[in-house]
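Have a look below at one chain only, the form predicted alone, in structure tokens format.
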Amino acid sequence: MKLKGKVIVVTGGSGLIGKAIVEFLTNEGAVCINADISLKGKESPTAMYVDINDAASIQGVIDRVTGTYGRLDGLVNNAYPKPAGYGSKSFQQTPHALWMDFVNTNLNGYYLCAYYALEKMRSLGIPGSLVNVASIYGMIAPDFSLYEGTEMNFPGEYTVVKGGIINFTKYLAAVYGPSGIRVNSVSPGGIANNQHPEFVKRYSKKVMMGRMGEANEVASCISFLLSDDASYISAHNLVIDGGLSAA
């Protein structure tokens, strides 16, 4: 119950990793609000519709949360909108409009969510915590041999977004540190999600621990960064990849 009494918003809480985060934080005692674009017409005090590219939508969620619970202790920037056609083509074949749409949607979505959450924490005088979900592929180059013969692909725009998020995290930590607010990121490696068996086999061979990660292993690390156990950790990028990026 390390998060007992804390009110935390998780964007994209209906996805694979998002569901694990919401469940883990709730089990740790937090009042956890899933803010997801899929929740239109299905809202409750702990499930709210949000469009992360709509400033008014984000501000509305933050205001509703603080109006209902009187505080905001944390936000997990996890939403990962994918435009139609995303990841289906090579770098050379990716339409410029698709690239720009993905980068704009995700980087600016993270910016807007961070802005409204952090400003609300600062105005309320709450020493809160924000965690951005990045990726090891914001740090290292992909190995394209993992995808051969699988019809899977690795989109270049993903690396741009995730690398930007890691550095944006450090910037935000510097801006809001004087207010007692901590900002960190997590960089997961590959997470098991019914991928092609050949990809899983190849990927697992590259990992020191010999397997892909699980969504709850990302969630537990995020929970730690949101908790008071991490009270002197800020501007940090916590890598969760079984040792892959260190090899």
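Residue indices: 1-based, along the sequence shown. Every value quoted in this text rests on a predicted model; they were computed, and no experiment measured them.
Beyond what is shown, the protein has a form predicted in complex with a small molecule; the following relates to that form.
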| property | result |
| --- | --- |
| Among the candidates 52, 65, 183, 32, the residue which, in the predicted complex, approaches the small molecule to within 4.5 Å (heavy atoms) | 52 |
| Candidate from 82, 170, 71, 122 lying within 4.5 Å of the small molecule in the predicted complex - any heavy atom | 82 |
| Options 173-181, 73-81, 88-96, 139-147; stretch whose heavy atom lies within 4.5 Å of the small molecule in the predicted complex | 73-81 |
| Partner contact for residue 227 in the predicted complex: the small molecule, 4.5 angstroms, heavy atom | no |
| 4.5 angstroms heavy atom contact with the small molecule in the predicted complex for residue 135 | yes |
| Partner contact for residue 38 in the predicted complex: the small molecule, 4.5 angstroms, heavy atom | yes |
| Close approach of residue 191 to the small molecule in the predicted complex, 4.5 Å, heavy atom | yes |
